[in-house]
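Okay, so here's just one chain, in structure tokens, the form predicted on its own.
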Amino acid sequence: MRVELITIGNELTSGEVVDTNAAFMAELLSEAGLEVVFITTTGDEALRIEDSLRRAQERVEVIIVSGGLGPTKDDITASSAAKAMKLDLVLNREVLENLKKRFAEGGMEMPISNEKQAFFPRQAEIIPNPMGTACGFIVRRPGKVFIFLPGVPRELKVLMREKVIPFLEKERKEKVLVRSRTLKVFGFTESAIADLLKDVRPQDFSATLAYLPRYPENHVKIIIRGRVAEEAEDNLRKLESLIREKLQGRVIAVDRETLEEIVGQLLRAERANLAVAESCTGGLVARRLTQIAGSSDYFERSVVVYSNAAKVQMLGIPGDLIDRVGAVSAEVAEKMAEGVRRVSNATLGLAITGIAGPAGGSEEKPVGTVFIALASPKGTVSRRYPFMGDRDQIQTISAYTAIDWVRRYFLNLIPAFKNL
């Protein structure tokens, strides 16, 4: 089944809002083994919406439309769809009553403008929306299926996963099993990954590979197609194992897992906790780690020692050491890690100090120079990194690298610790 996605909204065509819906839908459909061959974006204008729908039905079997189902005047997707397909726009009384009930439960009277959200093209099959007032709907035409969804991303994601994908899997005549796995890689560039995997033959596993840059990660997506579940799953397992071996411990997470979740799992499993001292990243490590629910089980504290005075006062770093080697140095990074571990009594102390730019660099220590250190029961190690990019990129990759040090520590992947 070939699919075209149509996203609607003046905010998309003007560039005010990034179209994340199309990317999300395309990825989800691809994982389900459905081929997205066109993605169209159009503004809130009836003639353009109608034209997009007519053109789409000439090219594909499934058209999925998002946006324009709200209560305001510029939300004209339902009426435009009815006109394009030469159907009457009719009131669905059940949807209307449910809308009124939803507002009443919130202690409000439904505004008159919301009534338009109960009008749909005749013959439309309603897709209830438990998260908002805009229901989706399906219209069938000979050999074609049109699916209309609200444009609010969190609502669209739920409806795509829980309603649309199961619906399309039932509609698909050719029953093809699809298994996928996204390996999230950190520490290798996209080209380096391609070189490491150049001898891998995905066709031997009835698979295809895709390389997806997701700064600061790079993803390798495996898609297996087959007719027998056991065979597809076996192929996926074997190919994933082969790729992991070639990527030398740089696969940090899988599918919807995150690096921060994996690090949290390792800390919890080892009954360890972590304290962090940050300078150039300004608290970014702490923010990332504490986005995980339950991180209080293992995240002890964070201190942002941005100034030299803060490093001296809060972590006890000798002022003459900073004067002699500079705040951006291996010696100071190690003292920061040891200091935060000491004052917190944590299992691990992690530290970052560097020059994020755009100014402040020198010939000896250019912008992007970052030192990361980890203090542990085994001892303390540090490393200098020559990161590149703008200020935001340098801060991001510095924080990410530091967090990955914790993962690599527990997996015994930091060579310097082996020599202590």
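As the structure is a computational prediction, the values presented were derived from the model and not from experiment. Numbering starts at 1 and runs along the sequence shown.
Although it is not shown, the form predicted together with a further copy of the same chain is what the next lines describe.
Asker: Taking the partner as it appears in the model of the complex, which of 237-245, 289-297, 323-331, 107-115 has residues with heavy atoms within 4.5 Å of a further copy of the same chain?
Answerer: Of the options, only 289-297 has residues within 4.5 Å of the partner.
Asker: Answer with one of Leu91, Ala309, Ala269, Val228: the residue that has a non-hydrogen atom within 4.5 Å of a further copy of the same chain in the model of the complex.
Answerer: Checking each option against a further copy of the same chain in the model of the complex, the one that comes within 4.5 Å is Ala309.
Asker: Would you mind picking the one in Leu177, Ile127, Met314, Leu197 that has a heavy atom within 4.5 Å of a further copy of the same chain in the model of the complex?
Answerer: The option sitting close enough to the partner is Met314.
Asker: Is Met388 close to a further copy of the same chain in the model of the complex, meaning a heavy atom pair under 4.5 Å apart or at it?
Answerer: Residue-level check for Met388: no, no contact with a further copy of the same chain.
Asker: Is there any non-hydrogen atom of Glu364 lying within 4.5 Å of a further copy of the same chain in the model of the complex?
Answerer: Close contact is absent here: in the model of the complex, Glu364 is far from a further copy of the same chain, nothing within 4.5 Å, heavy atoms only.
Asker: Answer yes if any heavy atom of Pro358 is within 4.5 Å of a heavy atom of a further copy of the same chain in the model of the complex; otherwise answer no.
Answerer: Taking the distances in the model of the complex, the answer for Pro358 is yes, it comes within 4.5 Å of a further copy of the same chain.
Asker: Contact with a further copy of the same chain in the model of the complex for Arg214, defined as at least one heavy atom pair within 4.5 Å: yes or no?
Answerer: Looking in the model of the complex, residue contacts with a further copy of the same chain include Arg214, since a heavy atom lies within 4.5 Å.
Asker: Which of the residues spanning 29-52 lie within 4.5 Å of a further copy of the same chain in the model of the complex, based on heavy atoms?
Answerer: Heavy-atom contacts within 4.5 Å come from Ser30, Glu35, Val36, Val37, Phe38, Ile39, Thr40, Thr41, Thr42, Gly43, Arg48, Asp51, Ser52.
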